[in-house]
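Take a look at this single chain, the form predicted alone, given in structure tokens.
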């Protein structure tokens, strides 16, 4: 088998050729990212595996709510700037 016969997936470089997602799906990719961040953060704080599930869920909800509030705040600021200009 030669290198030329390999499928093109092996030559795929994610940062140069990212996966094309529909416009509506891009924002939903935040949820797995927020969950992974909450899980890793809680894994560094937990002493046993029994302490992981609920604090991870609570941390995930806190991250999502905080990001939604930040987005609403920036949207309100943007609307105010447009209204006064």
Partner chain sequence: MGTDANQPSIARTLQAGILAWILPGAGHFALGHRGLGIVFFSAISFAYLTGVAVGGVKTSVDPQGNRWLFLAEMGVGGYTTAFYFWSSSIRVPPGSDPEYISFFPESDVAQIYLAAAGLLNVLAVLDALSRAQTGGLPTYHRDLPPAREDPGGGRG
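Positions refer to the first chain, counted from 1. Computed from a predicted structure; not experimentally measured.
FYI, the form predicted in complex with the partner chain isn't displayed, but the following is about it.
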Residue 61: touches the partner chain in the model of the complex, heavy atom cutoff 4.5 angstroms: no
Exercise: residue 68 in contact with the partner chain in the model of the complex, heavy atom 4.5 Å: no
4.5 angstroms heavy atom contact with the partner chain in the model of the complex for residue 15: yes
Residue 57: touches the partner chain in the model of the complex, heavy atom cutoff 4.5 angstroms: no
Partner contacts in the model of the complex for 44-82 (non-hydrogen atom within 4.5 angstroms of the partner chain): 44, 45, 46, 47, 48, 49, 50, 52
